[in-house]
Ligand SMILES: C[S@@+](CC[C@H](N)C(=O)[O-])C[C@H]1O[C@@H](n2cnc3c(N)ncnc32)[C@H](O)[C@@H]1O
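The chain below stands alone and is given as structure tokens, in the form predicted alone.
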Amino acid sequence: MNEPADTADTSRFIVTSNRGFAAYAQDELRLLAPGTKFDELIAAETYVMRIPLGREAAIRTIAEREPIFLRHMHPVDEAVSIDGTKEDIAVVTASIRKQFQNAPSRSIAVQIRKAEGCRGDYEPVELREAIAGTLSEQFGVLSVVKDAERIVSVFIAPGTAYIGISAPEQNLSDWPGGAVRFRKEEGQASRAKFKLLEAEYAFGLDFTRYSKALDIGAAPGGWTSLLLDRGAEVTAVDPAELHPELLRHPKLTHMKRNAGDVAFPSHTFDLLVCDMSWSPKQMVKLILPLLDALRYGGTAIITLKLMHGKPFQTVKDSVRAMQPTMELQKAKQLFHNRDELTVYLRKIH
């Protein structure tokens, strides 16, 4: 039996957070729409959300006040019954073909996810190819991996396939489940580079627009390497060694000192980044004296470690400590964050 999800005043979405942080995302969503309920699909990570708002109103409400811990969402335009046999492919494809008539586009990305332990007589790739082939044949639509006009989302759970078609921005991320994947490069200083790459994407930044950057607690140099790749002159502050490949770069200055022992002329940098494994309180105390070296309108990207189970208070206290100099633009737990989140701030005073 097919079960349409939307009414005028209620809708369903598949919502995903980093594992172990779903409760925080749910708290944020309930604040946006009291009465919102959740059914678990993947433990402490992925849920069916029933929100007392219509589809478009829900998307608009969540986009306007994007939750810190909500990594990804997609609408449930229809939920169809499945039994794990190859017949599921025809059932799901038929549903999508019908929906697509009301949401045509020139290009699509087909994203298939499934609950843990959910087994069937077919692989996700078979379903993906069937959907893409059908839409190409009947509507002339191009199937792509990135930069699609529409995303066709299917979440396979025991007995049910949750299906939705949406614009990428309506999903908060155009990666399946918000799991942002980057390819590791040969000689890469550290995987921490992925965290800053994702921040650039998530916050809508372009690091090529920054000319002078200050990296606090830089070793072994993952964030420094990305900023050098983007063309910035980077001052990396850390008593530990940087990756040897970085030391030959003509735009790198490595200050082998503790951040509390350095000072710079006012308005020297237009970007400050910090990814230190310190408590937020210690980290902010260290950064405060260095904010004078950031130009007005300059950007700060800072990782806040979540050490005491009070993430919302951690963000509030950390941002308040940097006011009125800095203004929070966005806080987000990225896919590459673990027990932490990332904040994007601008210098206004």
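Fair warning: this is a prediction, and the values are worked out from it, not measured in the lab. Don't overthink the numbering: it's just position in the shown sequence, from 1.
Keep in mind that the form predicted together with the named molecule is not shown, yet the notes after this line are about it.
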In the predicted complex, the residue from Val315, Leu286, Ala321, Ala293 with a non-hydrogen atom within 4.5 Å of the named molecule is Leu286
From Pro239, Gly140, Gly159, Pro244: within 4.5 Å of the named molecule in the predicted complex by heavy atoms is Pro239
The stretch from 258 to 266, 147 to 155, 161 to 169, 92 to 100 that lies within 4.5 Å of the named molecule in the predicted complex, judged by heavy atoms, is 258 to 266
Problem - Non-hydrogen atom contact Lys193 with the named molecule in the predicted complex at 4.5 angstroms - result: yes
Can you tell me whether Ser81 touches the named molecule? I mean in the predicted complex, with a 4.5 angstroms heavy atom cut-off. no
- Does Ala218 make contact with the named molecule in the predicted complex, using a 4.5 Å heavy atom cut-off? yes
Does the named molecule come within 4.5 Å of any heavy atom of Asp88 in the predicted complex? no
In sequence order, the residues of 262 to 286 that place a heavy atom within 4.5 Å of the named molecule in the predicted complex are Asp275, Met276, Ser277, Trp278, Leu286
